[in-house]
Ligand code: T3D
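Take a look at this single chain in structure tokens; it is the form predicted alone.
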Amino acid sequence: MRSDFQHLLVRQEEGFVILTMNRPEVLNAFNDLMLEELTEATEAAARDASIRCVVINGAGRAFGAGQDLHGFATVHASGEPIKVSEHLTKYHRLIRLFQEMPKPVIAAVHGVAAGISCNLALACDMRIAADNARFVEAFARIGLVPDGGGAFFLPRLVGLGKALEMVLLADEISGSEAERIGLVNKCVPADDFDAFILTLAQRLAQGPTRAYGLIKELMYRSLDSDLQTSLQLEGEMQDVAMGTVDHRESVRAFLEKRPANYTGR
């Protein structure tokens, strides 16, 4: 994977990669180039069999402040109509990558995660927050609707009533409150945050990666399926999982009373 990006840092460890959005002077607000670079690196991570877990985080004091609005202000001043739906397709591509990648994706959130940066975190498989994290669905503050999949992911994580409260009032949610309502998986002290993320990424990178991919597909497709469809899909996925190298290794390890040595195949 290339690492010579302008607004993205790439740190590749054994079995996993950390992709760090790197515009700290504007709290990692998205411009077109950073979005393109994050998408390119995510696509490369998805293809690379040696990468078995992906971590997304932000440089400096924040995870991300959402969309950089300077570009929109310029267009507004020109009087030209804005077809923002075309711009959003670039974010939608990244969201689908997070969801469809056959390996775990972790959002490591410290500081503010606002607007579309917040919703990209919601699209990841797991969210870990530092206790200084602040989540805000900021769209109503600028007269917009949630984008970046927020209207899809948010009510599925916290329920419709709480989701509407977060979007309509656009109030900040602390890391500890985010854990309480189910917006994040865990909130950890800021001093322990980096070590916790590394330990979690290592654990997932050493797991049965092929099964993780099947689990993701089963869980996400079952969200919008009826019971019979989900049960049929479960059988199909289990047939595939039974044929993996990691499954056979786990059975041998169980019988031999030793830890399994997963290779991700």
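We number the residues from 1 along the sequence you see. Bear in mind the structure is a predicted one, so any value in this text is a computation, not a measurement.
As for the form predicted in complex with the ligand, it is not shown, yet the points below apply to it.
Of the candidate stretches 215-223, 232-240, 201-209, 58-66, only 58-66 contains residues with a heavy atom within 4.5 Å of the ligand in the model of the complex. The candidate site formed by 9, 16 and 37 is entirely out of contact with the ligand in the model of the complex, as no residue has a non-hydrogen atom within 4.5 angstroms of it. Note on the partner interface in the model of the complex: the residue among 164, 88, 190, 181 having a heavy atom within 4.5 angstroms of the ligand is 88.
Checking 156, 186, 93, 141 for any heavy atom within 4.5 Å of the ligand in the model of the complex turns up a single hit: 141.
Contact between residue 197 and the ligand in the model of the complex is not found at the 4.5 Å heavy atom cutoff.
Heavy atoms of residue 173 never reach within 4.5 Å of the ligand in the model of the complex, leaving it off the interface. None of the heavy atoms of residue 41 is located within 4.5 Å of the ligand in the model of the complex. For the chain shown alone, residue 112 is a contact residue for the ligand in the model of the complex, at least one non-hydrogen atom being within 4.5 angstroms. Interface residues of 119-137, taken as those with a heavy atom within 4.5 Å of the ligand in the model of the complex (partner not displayed), are limited to 134.
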